[in-house]
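Only one chain is shown below, in structure tokens, and it's the form predicted on its own.
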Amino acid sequence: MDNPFVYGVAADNAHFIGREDEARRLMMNFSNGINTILISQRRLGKTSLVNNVIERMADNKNVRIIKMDAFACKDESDFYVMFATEIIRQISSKAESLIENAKRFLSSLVPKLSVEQSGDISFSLETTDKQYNADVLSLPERIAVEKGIRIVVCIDEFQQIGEFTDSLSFQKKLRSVWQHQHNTNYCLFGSKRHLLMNMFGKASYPFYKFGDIIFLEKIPVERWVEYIQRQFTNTGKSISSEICEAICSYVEGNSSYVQQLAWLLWARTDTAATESGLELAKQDLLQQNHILFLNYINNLSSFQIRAVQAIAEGHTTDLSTSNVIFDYRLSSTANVSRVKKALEEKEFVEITGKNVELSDPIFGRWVLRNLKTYI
């Protein structure tokens, strides 16, 4: 029997739910030359949304969508090679045209083509010039003009360029070329919300007002209830709407965890899901993440650990008050500010105004149950 729930991978087909409005908006942007930035908390389905739109638009001959991932890029040179390689690879309809297209559209990169033992063709580009290369950044526009199409370049983990040496200068280079392209538009997204908010939301940054910013909210509970009940029914089992809502509440609407907890409950259900079965599934979820969360704690300072405990115990808006500082031994208001910033940079917390929340709701649950054992 196929797994009725998916997590750890992008959701597709029947598992893609609750993003119809965002998908329509993204399709409109892709078709009409509007740059798009996707921002959300972690594990809310940015990649699934982009993949779904790419699939929906696959038959549109006037728009070619190219997707790439900047996660492995450590510097500008890596980015140029990744950018050029993926564009040439994905616009080449036949394997034998890869080298042809590379030589045709690029002059400063050396194309390499090899055949793996499996028979798959491996294609890559090696740069001969580590300096800024406008030819590479203008590559999709030149191809789009020649082919008479629109090209959309989707770059996942785009915030990675914020880690480059002299990142602001590199961002200026990208913006200076991309903003003048009329046949190419970009969809930029990633997993580090606070970095993306800085890059696209601050007037002092080059990508300020670069395009339409879409903030992905949590999928409505009623859509999850409908989906979970359908998946149970399709596999000969049943689940009440109340238990579906309890699943969503426990994981605070986190899409990946909704899927995972629903799966764990489904695996424990013979015919009809029960509240006792859900409690066991919750324990399974915490246990499956136990080693991961222990590793989280091992990478935090004692002040950071105590701040995490305070946040998990509900001090999301009063962390800097004298009572909380005293109770959790956080030293001072200035120290709390430093701790919050460090936790945000490590992606442990999301900060909105005075509100501080743990990025991972299940980590928060684990903290409430286990942390006192380890501090």
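The first residue of the shown sequence is 1; numbering continues from there. Everything quoted here is computed from the prediction, not taken from an experiment.
Keep in mind that the form predicted together with a small molecule is missing from the display, and what follows is about it.
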Requested in this report: Choose from 300-308, 250-258, 180-188, 163-171 the stretch whose residues reach within 4.5 Å of the small molecule in the predicted complex, heavy atoms counted.
Outcome: 250-258
Query raised in the report: Might Val336 be said to contact the small molecule in the predicted complex, defining contact as any heavy atom within 4.5 Å?
Result: no
Query raised in the report: Wondering, does Ile351 line up within 4.5 Å of the small molecule in the predicted complex on heavy atoms?
Result: no
Query raised in the report: Taking the shortest heavy atom distance, is Arg365 within 4.5 Å of the small molecule in the predicted complex?
Result: no
Requested in this report: Flag Arg42 as yes or no: does it have a non-hydrogen atom within 4.5 angstroms of any non-hydrogen atom of the small molecule in the predicted complex?
Outcome: yes
Query raised in the report: Quick one: in the predicted complex, does every one of Val6, Val9 and Thr47 get a heavy atom within 4.5 Å of the small molecule?
Result: yes
